[in-house]
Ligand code: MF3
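One chain comes next, on its own, written as structure tokens: the form predicted on its own.
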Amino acid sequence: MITIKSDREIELMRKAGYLVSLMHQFIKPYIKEGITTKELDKLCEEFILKHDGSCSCKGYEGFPCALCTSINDTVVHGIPDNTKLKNGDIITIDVVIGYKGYQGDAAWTYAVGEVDNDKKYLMEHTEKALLEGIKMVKPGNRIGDISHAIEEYANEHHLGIVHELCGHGIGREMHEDPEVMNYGIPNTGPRLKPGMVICIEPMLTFGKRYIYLLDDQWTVKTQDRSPAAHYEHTVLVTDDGYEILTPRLD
């Protein structure tokens, strides 16, 4: 069921989203060669708790950490461990933070040191695909309009679109209705209404779209080992358009 948030709920989600943005700004300087993903996770968990947030990912269906840390050919849900970042890697930091019972969610892909042109291209155009999807958010449009805009942009730039993973509604729960696919048909799906809050999150690859799941039942990788990027915002439908609740502060 799709829920319309009250003004009170929207204000709490705005605070949750801003905390997500602050955390991304906090962790960015630490993303460099030699640090482990477990160290990044520890830093972020301490930051979240210090700022009166809760680590919504930790314990969610058994996930053991506060962050998802996905390196190179890992699309999503990489589990922080003793892996050290290397110059030339890309890493996606995906986090959900709770604030007084409401959730904020955002993912960004970061370069470690100097990355090659293929990875730069992938990062640039995955983020731009996200922005193309967000442009379609306004009352009266449909979820399919967002999905189609992302698909069209990704296809124009010859990037693989992961079909098995998608965006979602968000509120008191991390994942709510509706699903927000990264491919679709315009003027289909639920109609957008003021007070809806959704997470839009293209997951694109520099190769083919096909993926597989590791034995840990979390980590998703590209079959052809091509690099993947993932950008996500929590977005509120307003009376005349949208508000990004997880703004980039850099």
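Note that residue numbering begins at 1 and tracks the sequence as displayed. Predicted model only: the values in this text are computed from it and were never measured.
This protein has a second form, the form predicted together with the named molecule, left out of what is shown; the following refers to that one.
The stretch that touches the named molecule in the predicted bound form, counting heavy atoms within 4.5 Å, is 171-179, out of 130-138, 109-117, 171-179, 150-158. When contacts are defined as a non-hydrogen atom within 4.5 Å, all of Tyr60, Cys68 and Trp218 contact the named molecule in the predicted bound form. This chain is drawn without the named molecule; in the predicted bound form, the residue among Ile90, Val75, Val96, Ile143 with a heavy atom within 4.5 Å of it is Val96. Residue contact with the named molecule in the predicted bound form: Asp41 places no heavy atom within 4.5 Å of it.
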